[in-house]
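Form predicted on its own, single chain, as structure tokens, below.
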Amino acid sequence: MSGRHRLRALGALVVLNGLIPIRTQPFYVVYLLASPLSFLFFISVLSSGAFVPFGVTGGLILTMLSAGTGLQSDMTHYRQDLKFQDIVVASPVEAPTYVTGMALSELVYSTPGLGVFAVIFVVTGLANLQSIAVLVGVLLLVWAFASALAFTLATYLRDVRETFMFSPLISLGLSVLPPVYYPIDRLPHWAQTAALFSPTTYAAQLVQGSVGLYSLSFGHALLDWGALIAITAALFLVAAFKARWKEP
């Protein structure tokens, strides 16, 4: 398959699963923002505004995480209900192109939600050159590892309803329990150790450190970047070797 045809396939998938849903069902965008804005609201009220910056940075991470994990239900629906993946398998489109196109469509679909939090990020005075650079890098890695995880799971699910079971567990393990919306030192020592198993912990620490919410040394930042990149690479390897592209 030529590079030109790959680009056309990517564009078609972005339109199919990203732009058309925004145009036909705009309330899905509101649904995407519901959880991050709810967390921000309750954190603002309970902390009397003191933890608003944590809510803003956490909202950005959760929105991008949702953009990646949303791939799970969409790809399960396309594979099982519409048999669309069977058509793709029989076509010249390779698996990496299909997965990348679907992941990009989720990213495009989440753009309005990210835009809302980006405006809040600027209005609350958290934006500077360093924080923006760190934020962009972190969010791309969050989207990448979440997409790889979602794709792998989607190839094993037999019904789209099964995604309703896994999605809350993923959200709980990657956005609620880890210190995404609060500083890690609020956790007891054993919980801080457990939080290190979640990649979003490293993502949150990097973003919080870049805006001055978390004291992050240069060495600690390198460790966080290394851990986040390593986990992302590991999930890509799992997706490459363990995901089921064709039906058994």
Partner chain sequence: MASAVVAQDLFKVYPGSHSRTPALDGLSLTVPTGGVYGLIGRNGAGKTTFVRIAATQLALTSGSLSVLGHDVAREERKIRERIACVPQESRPLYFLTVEEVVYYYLKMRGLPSVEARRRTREGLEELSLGEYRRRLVSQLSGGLRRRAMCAMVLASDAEMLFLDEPTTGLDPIARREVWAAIRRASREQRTILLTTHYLDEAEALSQRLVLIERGRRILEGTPGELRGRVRYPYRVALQEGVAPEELEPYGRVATVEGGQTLVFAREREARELARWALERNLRVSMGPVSLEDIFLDVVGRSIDEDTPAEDAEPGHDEAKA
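Residue numbers count along the first chain shown, from 1. Please read these numbers as outputs of a predicted model, since none were measured by experiment.
Unshown form predicted together with its partner chain; subsequent notes refer to it.
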Per contact check vs its partner chain in the predicted complex (non-hydrogen atom within 4.5 angstroms), the hit among 116-124, 172-180, 140-148, 75-83 is 75-83
If the criterion is a non-hydrogen atom within 4.5 angstroms, does every one of Ala9, Ala12 and Ile20 touch its partner chain in the predicted complex? yes
Since exactly one of Ala240, Leu16, Ala234, Ala227 fits, which has a heavy atom within 4.5 Å of its partner chain in the predicted complex? Leu16
Only one of Met165, Val136, Leu129, Ile87 has a non-hydrogen atom within 4.5 angstroms of its partner chain in the predicted complex; which is it? Ile87
Is it the case that Arg158, even though its partner is missing from this view, gets within 4.5 Å of its partner chain in the predicted complex, heavy atoms only? yes
Evaluate Val93 for contact with its partner chain in the predicted complex, applying a 4.5 angstroms cut-off between non-hydrogen atoms, and reply yes or no. yes
Is Phe42 a contact residue for its partner chain in the predicted complex, using a 4.5 Å heavy atom cut-off? no
